[in-house]
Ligand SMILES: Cc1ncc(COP(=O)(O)O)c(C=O)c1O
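Encoded as structure tokens, the following chain is the form predicted alone, with no partner shown.
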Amino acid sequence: MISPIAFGLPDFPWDRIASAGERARQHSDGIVDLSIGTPVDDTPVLIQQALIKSANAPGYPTAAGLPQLRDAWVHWAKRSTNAHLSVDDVCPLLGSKELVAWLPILFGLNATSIVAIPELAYPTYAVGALMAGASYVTYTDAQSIPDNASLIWVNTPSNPTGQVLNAQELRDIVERGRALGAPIVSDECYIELGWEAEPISVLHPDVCGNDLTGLLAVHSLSKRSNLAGYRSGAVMGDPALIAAIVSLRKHAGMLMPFPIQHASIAALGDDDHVHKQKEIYRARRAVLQPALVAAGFVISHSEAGLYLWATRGDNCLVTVNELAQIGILVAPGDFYGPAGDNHVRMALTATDERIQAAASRLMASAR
């Protein structure tokens, strides 16, 4: 009997905090759910209009995507990351998680392959390795990436910690990957959300010297444009690797619908809504961060992105349950690796009213 691959994967992590979620929902003023970073603000009208205008789409799209969409990503990358790309260096994605999960399979990794991921990392990096039958190891810096690594994941700004790698740290990882012949894939989905540091792309000339060989960067419209429900992202970089990804996506039928492509073009062509959304998140961060400090938390990293990485020195599940008692649900740090044992991750994606409610409850708990 065939054993589905899912039977060999770890349990879906959010199931572990279901009881804490139930406890938080019992609060008299309702739950403040800061556990998952799902956008709650409206999708900008100009993007909705582009979607509606393109609703008549009887034909099949291509795996490579519309030239206009790839060109929009090229211009966005120049403005936002200073990367110098062509349309052949870009492939649209059905959300960035598509690539994170499937890339080890697309690259033909197997039981002899090793995927290197950051010590604290989005869990799907590891799941993608396991789906391919490969193994994974964690690293803290370029020197700790093992000699037998077949693929190297980078994440800056980090999910969960909000840590930003500087140009030298990225150069070191690029040099290490090239010495090993291992592709370096940088997940940069929060690159436009810098607070205390300015995130830099692995494709920035100061990092790669305009040589894209062996380099890929993954980006998403989910957070910067409130498009999580549209599932729109892109991978860009080494044209040889992009061509291989496009070819395999053709066979797998990973095709972005035309209306989503046109909506994505509209999103990439307008920076104003991104600036406005960033200020909304900045204001929410300014409310939640001092309330956490007043409640005895220490904020670690959190220089960029949509999360506060916080600790009171206790085991993360102890903190999750304590916060659930006051109606706040957060993600335990060990979701992202054993090194997160004493931290919790708190998202800034709740509404203004819910963020203020969380801050008030934290301040009250400190007295």
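Note that residue numbering follows the sequence shown and begins at 1. What you see is a predicted model, and the numbers here were worked out from it, not measured in a lab.
This protein has a second form, the form predicted in complex with the named molecule, left out of what is shown; the following refers to that one.
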Only one of 80, 289, 222, 138 has a non-hydrogen atom within 4.5 angstroms of the named molecule in the model of the complex; which is it?
222
Under a 4.5 angstroms heavy atom criterion, identify the one residue in 260, 235, 189, 115 near the named molecule in the model of the complex.
189
Residues in which of 199-207, 106-114, 170-178, 89-97 have heavy atoms within 4.5 Å of the named molecule in the model of the complex?
89-97
Please determine whether residue 309 contacts the named molecule in the model of the complex, using a 4.5 Å cut-off between heavy atoms.
no
Does residue 122 reach the named molecule in the model of the complex, with heavy atoms at most 4.5 Å apart?
yes
Taking heavy atoms and a 4.5 Å cut-off, does residue 231 contact the named molecule in the model of the complex?
yes
Would residue 150 show up as a contact with the named molecule in the model of the complex if we use heavy atoms at 4.5 Å?
no
Near the named molecule in the model of the complex, with a heavy atom at 4.5 Å or closer, the residues from 140-160 are 155, 159
